[in-house]
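Take a look at this one chain, the form predicted on its own, written out in structure tokens.
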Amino acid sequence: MAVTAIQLCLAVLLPLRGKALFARNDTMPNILLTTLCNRSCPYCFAGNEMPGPANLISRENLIYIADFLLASGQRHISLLGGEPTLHPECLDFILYLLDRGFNVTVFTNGILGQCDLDEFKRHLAGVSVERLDFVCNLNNPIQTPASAQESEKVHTFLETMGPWTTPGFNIYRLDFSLDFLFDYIGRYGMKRRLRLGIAHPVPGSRTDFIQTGEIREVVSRLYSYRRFFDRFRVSPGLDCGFPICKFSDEELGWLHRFPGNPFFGCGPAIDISPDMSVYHCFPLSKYHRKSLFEFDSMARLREHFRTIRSAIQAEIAGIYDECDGCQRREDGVCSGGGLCRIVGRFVDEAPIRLAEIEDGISGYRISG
């Protein structure tokens, strides 16, 4: 009897039983260095954190977080914002965390001034590309145009930091194009892994995003670039919220040709704001927000958000009706789609849910 790609996927992933499967996000908590940003993307999932005066994390808070993570056995950390490089101590923080033994990922848009970029190169040139990774969020220059000055700064960043940089791309429209990314990877010697995110709705914010019913179309268009991924030996890396049921056996088989398992989970990402508040992820930054000081370990913090997720999914299993009773979701192979989309299914219903769920979603509306 022939073994399908889905059967192969389950054979590889089922022994992990969910807990280890979703460890990709668990291994890298996110620290917001600042809520200030110098770009306005139509799909921005951090919009709820950006309004108002810029908020900068203090050195004292960063040291507390580093101590907290090391005591929890955490060796990977990511820095983001806003735009993290706008923090005046960003480089110092990177060097401090590297010196403490962390592997550091910096999520950036690459829009740096020349003086700052020269300092980055001077101090980071000797750091292994295995310990330091800049995930540069790149927009298609035609579909999401930027000013000539902004584009020049991005290209200069890639020319300077290319070997330490992983390209990232957020899909927020169905006619997305990836051609330019393969050109950049070859031209600037970037890491040959493309981080692919799907734009999710942000409760309480008006951003562009992919509708739940359009995800299959996104997957199909992504697979149409197979020849480019294969030709340039670039691995597709899926970010949170891709449901496994929207991939065909052929598509799953192709994904399994690359290093690492394809990811069909959803957090908790664990984002830590400059004011030391923590939340599940950016789209749910106002949902059951807590203070880091309320927890004594990352294990307790993750368990808090997993408990919330379990309470939600006890009432609505996933983003599709078919998620209820889905064996792959119950086995931990798939999370049932992005939690922000699952929460979004509550907002138009009568307030008959558990009180803690109703309190969390009060005032939320999905806009597009």
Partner chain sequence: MEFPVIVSPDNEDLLEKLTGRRVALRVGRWDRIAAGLEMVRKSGCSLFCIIVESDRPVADIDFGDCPAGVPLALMAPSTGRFRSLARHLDMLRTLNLRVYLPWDSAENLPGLRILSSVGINCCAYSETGLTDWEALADLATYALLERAPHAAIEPFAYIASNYNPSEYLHWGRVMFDDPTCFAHSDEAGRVALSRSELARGCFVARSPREISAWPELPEVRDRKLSWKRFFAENHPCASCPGWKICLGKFSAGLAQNGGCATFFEEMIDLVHRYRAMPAPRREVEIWRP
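Just so it is clear, the model here is predicted, and its values are computed rather than measured. Positions refer to the first chain, counted from 1.
There is another form of the same protein, the form predicted in complex with the partner chain; it is not shown, and what comes next is about it.
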Would you mind picking the one in L222, L91, M276, V135 that has a heavy atom within 4.5 Å of the partner chain in the model of the complex?
-> L91
Heavy atom within 4.5 Å of the partner chain in the model of the complex - the one residue of K153, R173, R100, K286 that qualifies = R100
Any non-hydrogen atom of F228 within 4.5 angstroms of the partner chain in the model of the complex | no
With heavy atoms only and a cut-off of 4.5 Å, decide whether D296 touches the partner chain in the model of the complex.
-> yes
Touches the partner chain in the model of the complex: A71 (any heavy atom, 4.5 Å) = yes
Are any of the heavy atoms in D67 no more than 4.5 Å from a heavy atom of the partner chain in the model of the complex?
-> yes
Site test, R59, I63 and H123 vs the partner chain in the model of the complex, non-hydrogen atom cutoff 4.5 Å = yes
Of these, 233 to 241, 201 to 209, 91 to 99, 142 to 150, which stretch puts a heavy atom within 4.5 angstroms of the partner chain in the model of the complex?
-> 91 to 99
